[in-house]
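Have a look below at one chain only, the form predicted on its own, in C-alpha cells format.
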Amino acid sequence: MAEQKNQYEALQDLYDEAHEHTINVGDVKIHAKRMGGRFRNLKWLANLTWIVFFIGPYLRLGDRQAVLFDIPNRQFHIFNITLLPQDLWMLSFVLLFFAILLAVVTALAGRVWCGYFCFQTVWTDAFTWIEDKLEGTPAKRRKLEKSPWNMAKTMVRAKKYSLWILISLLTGVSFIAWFTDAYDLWVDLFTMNASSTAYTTLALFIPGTFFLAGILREQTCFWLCPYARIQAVMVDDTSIVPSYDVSRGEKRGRLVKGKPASDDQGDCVDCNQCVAVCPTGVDIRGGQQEGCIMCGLCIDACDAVMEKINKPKGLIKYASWDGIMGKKELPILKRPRVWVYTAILLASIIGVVVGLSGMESLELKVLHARQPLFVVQSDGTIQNRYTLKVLNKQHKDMKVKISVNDEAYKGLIMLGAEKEIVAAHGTVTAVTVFVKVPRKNLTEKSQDITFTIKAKDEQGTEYKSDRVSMFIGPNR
C-alpha cells in the first residue's frame, strides 16, 4: 500500500505541473521540461558531434590549417586534398549525396535530422539548458517571466543573456575560421585588423544565433524552416517515427487515489508529460504533426511514467503507423523508393570516388597554337608553338622540369623550357614553348607528341603528369 501511495503522489506532482503547460500556438513561449532517458542521452551524444564545428579550424597540417575553404584564393584544402575551381564539379556529387541521404533518412525514420543533429535544435537545446540551470524548472521560469523586473530578475537574465551572447560570438568566429586561418583570425579580431567581411559576418551571426536559438526557438522550426513542410510528403505510414499506441492507451483516464481503474481504461493516464517535455509543444497522442521533430523525448517521459505505475514501457515508441494499426509492414528492401534513393546515393559516391582517384597534385594542360598551326623555318625545320599550363595543387611553390617525348621525331628541339620553371602553389602557371622538327623527319601531316612535367616536394616525393598533343606540319 505504501508503494502504491508513493506512485499516486508522484503522479499527482506530474498532473500539477501539466496544468501549467500551454500547447504551443506561437503566442506563449514553450518551456520544455528536461528529463533523463535513453533518447535524451542519445540527443546529447548527437549534440557533441558539433564540437567538430568549433575545434575543426584549429587542426593543423604542417604549417597550414588542415581544413580551409580559402575562397579569396579559390582553393579548398581538406587535409592532403586541395580542390581548385576546376575540381568543384565533385561538390555537386557531394551535395547530391547528402540531399538524397536526408531524403532516405526522412522516408525511413522521419525528421531525426531535426531532432538530433540540426544546428537550430542543438543550439536551442544548449540555450535552454543554460536557462534551466539559471532560472530553474519550467514552472519557475514561467513565474519569473511573468514577474515584474527587479534586481534578482535582472541579475539572472543578465547572466543568461551573457552566456547566450558568448555562445553566439564563438559560433560566428568558428564559422569565419573555416574560411581563414583560425589563429590569425583571433589576432586580427583583437587588434581590430580583421577584414570588413569578418566583422560583417560576426554582426550577422551574433544577433542571428541569439534570436533564433534563444528567443524564437521552436518557432524557427514552425515558420522559418522549409524542411518541416517538405518532410510531410516524404513520410508515409511505413516510416518509423515516434508513435502513440492508440489501442493500448485509449481510453485515457487519470488514476485516482483509492479507486481502481475502470475496465475500459487504457494505459495512458493523461499526465501530459509527453507534451511537457516536447521542445515544440506537440501532443504526440494526436498523431503525427508538422511540429514533431522526432527527438524521442516524449518516449523517455512516457516510459518514466509507465515505470512508476508498473505498466509496460512502449506506450509511445518508435514505430510505423502500419505497425501501430496491426497491418503487415512492407520490408524495407521491397519499397521502390528505397531502391531509387540507394541508386542515386551509389551514383554520387562513385562520382566522388572517381573524381578523387583521378586527381593529381600536379596537372598539365597543353594548348596548341591555332594561328599559325605551324611555321616553316629558314633552316628547313617545322616549328609548332604550345602553351603549357601547369597546375600546382600543393600548398608550396614547386620547381618543375618540362620535357617532350622525342622518340618519334628525330632531331626534335624544344625551346622555352630549357630550365626548370617555378609553378606557383594553388594556381596555374603558364609557359610558352616552341618545338622544332626537321621537315624530312616528318612522316605524317599530324602526329602525336607527349609533354611531361616532373617535380619533387621537400620530402622527396616525385610528381609527374603527361599530356598528349599534336605536332602539325605541311602536307606531304
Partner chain sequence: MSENNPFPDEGNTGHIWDDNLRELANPPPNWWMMAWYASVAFVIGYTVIYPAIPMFDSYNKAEVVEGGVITGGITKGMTGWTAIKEFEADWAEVEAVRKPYEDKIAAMSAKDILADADLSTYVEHSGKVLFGDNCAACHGTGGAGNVGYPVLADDDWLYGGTIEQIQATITSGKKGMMTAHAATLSADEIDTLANYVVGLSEGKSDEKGKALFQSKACFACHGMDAKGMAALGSANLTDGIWRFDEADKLASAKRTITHGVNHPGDAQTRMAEMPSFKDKLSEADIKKMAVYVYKFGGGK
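Only a predicted model underlies this, so the values are computations on that prediction, with no experimental measurement involved. Residue numbers count along the first chain shown, from 1.
The same protein also exists as the form predicted in complex with the partner chain; that form is not shown, yet it is the one meant from here on.
With the partner chain left out of view, the stretch that reaches within 4.5 Å of it through heavy atoms in the model of the complex is, among 90-98, 377-385, 245-253, 269-277, 377-385. Contact with the partner chain in the model of the complex, defined as a heavy atom within 4.5 Å, holds for exactly one of 331, 312, 372, 260, namely 372. Interface residue among 54, 44, 434, 69 relative to the partner chain in the model of the complex, by the heavy atom within 4.5 Å criterion: 434.
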